[in-house]
Every structure is written in structure tokens, then in C-alpha cells.
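Okay, here we've got a single chain as C-alpha cells, the form predicted on its own, with questions on binding and movement later.
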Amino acid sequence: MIGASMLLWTIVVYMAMRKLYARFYFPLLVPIATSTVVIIITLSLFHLSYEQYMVGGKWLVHLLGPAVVALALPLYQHRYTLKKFLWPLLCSTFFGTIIGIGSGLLLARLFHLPEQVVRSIIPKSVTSPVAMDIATLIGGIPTLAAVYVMVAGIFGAMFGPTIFQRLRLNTALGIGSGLGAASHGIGTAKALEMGKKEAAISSVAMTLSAIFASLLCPLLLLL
């Protein structure tokens, strides 16, 4: 019973936060951030554990796979655009991955964080399953890496459009590669709000970023 209740509550909260975001279009009100806050407050008020929540929440996790597969549609629809901009996309994603890894590493060193935390924050800009595998490989904490991934994704979705606007960046290639490389799946969902072409480019950038990060993370730790 509690599983069905948590699943239904999550869906209701998310739909309500989407309506709120549509009415008051403000970066801090991005649905995935506000929904997370509301659900955390609910769990705290009713003294429910994460394990109890995931009895129903796990079904949403199972839908991540089909959601990613569904991105194949905009990829197919804009395959010629992707082929045309293949090299710019490869280069931008490669340097975006380096900046994502390097910024996390530098900030962690700057604040003298424990070594295991440093190794967990490095893969923050790639999708969760890959980030957790990388964290395990380099001696980090997989679950902590997943938290940093979520934070990076939410911040990208919240502030990415504002940054693009300030920089006068309005091309599908720039927006898609930026969101995909920096904010993985959450960024790609945000890119889909902006257009199918942006979403297609973002999904490719997300995949390339995961590949580049898998190769670069172990190397950067040796420097």
C-alpha cells in the first residue's frame, strides 16, 4: 500500500511542480528541483525512510531505461544535422568533459576534501550509472557520486538557460552540447523543452561525455 502511495504522490507532486514552473517561469522553480524538495519534506514530516519510499519509487527508476531509449526518436529525426556537426560536437563535448572533471577536482582540492570524496565528485557530469562505475574504479563512493551527479544535473537545468541567454548562445549545437555534457540526463530533458534538435544533440553529447569521462578520470588522478 505504501509503495503505491509513494508512487502516486511522486507523480502528483511532479505534475503540480510542472504547472507551477509553467505559470512562474523562474530558474529556481525547475520541476525536478522543487519536486525533490517537496518529497524530502514529506518523508521527514511523516518519518518515512528512503527504503520505504523506494518501494514505490523503484518503478520510476525502471522507467529510466525506456526514457533513454525514447531519445532515439529525435536522434533519428535529426540524423543529418548530427552528421553535419559531428566534429564540432566531438570537440565541444571532449573539452566540456575535461572542464567538468577538472572543475570538480580543483574545487575539491581547494577545500581540502577527503580523498575518497574527491574521487566521488570527479565524475559528477556524466550520467549516474556511468558515474557510479567510474567512482568505484577510481576508489570513490558510488552512492555519493550519484548525489553529485544529481546536483550537477539540477543546477544545469536550473541555470543553463539563463547562462545561454547571457552569453547570447542560441544555436541548437551550443545549447544541446552544453546541457548534455554538463548535466547529462536531466540536462537532456531540459533540452527537450527547448526543441527536438537540441534534445538530439544533447543525448549524443551525454553519451560521448560518458565515454570520454571513463577514459579521462583515471588519467587526471595521476596528474
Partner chain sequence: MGIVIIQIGVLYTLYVVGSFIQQLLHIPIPGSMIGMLLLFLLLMTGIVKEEWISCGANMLLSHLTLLFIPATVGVMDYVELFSGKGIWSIFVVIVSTMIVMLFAGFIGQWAQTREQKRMHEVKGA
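Numbering follows the first chain given and starts at 1. By rigid core we mean the largest C-alpha set that fits within 1.5 Å across both forms. Every value quoted in this text rests on a predicted model; they were computed, and no experiment measured them.
Note that the form predicted in complex with the partner chain isn't included here; everything after this is about it.
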ask   = Taking heavy atoms and a 4.5 Å cut-off, does Pro129 contact the partner chain in the predicted complex?
value = yes
ask   = in the predicted complex, does Tyr21 have a heavy atom within 4.5 Å of the partner chain?
value = no
ask   = Taking 4.5 angstroms as the cut-off for heavy atoms, does Val55 touch the partner chain in the predicted complex?
value = no
query = Looking in the predicted complex, any heavy atom of Leu60 within 4.5 Å of the partner chain?
reply = yes
task = Counting non-hydrogen atoms within 4.5 angstroms of the partner chain in the predicted complex, say which of Leu173, Leu29, Met194, Ala189 makes the cut.
result = Leu173
query = Heavy atom within 4.5 Å of the partner chain in the predicted complex: which residues of 96-128 qualify?
reply = Gly96, Ile99, Gly100, Ser103, Gly104, Leu107, Ala108, Phe111, His112, Leu113, Pro114, Val117, Ile121, Lys124, Ser125, Thr127, Ser128
request  = Examine Arg119 after superposing the rigid core and state whether its CA is displaced by 2 Å or more between this form and the one not shown.
outcome  = no
ask   = Superposing on the rigid core, does the Cα of Thr171 end up 2 Å or more away between this form and the one not shown?
value = no
task = Kindly indicate if, in the predicted complex, the C-alpha atoms of Ser35 and Leu144 are closer or farther apart than in the structure shown, bearing in mind the change is 3 Å or more.
result = closer
message = Can you confirm the direction of the Cα distance change for Leu144 and Val37 in the predicted complex, closer or farther than in this form, given it is 3 Å or more?
response = closer
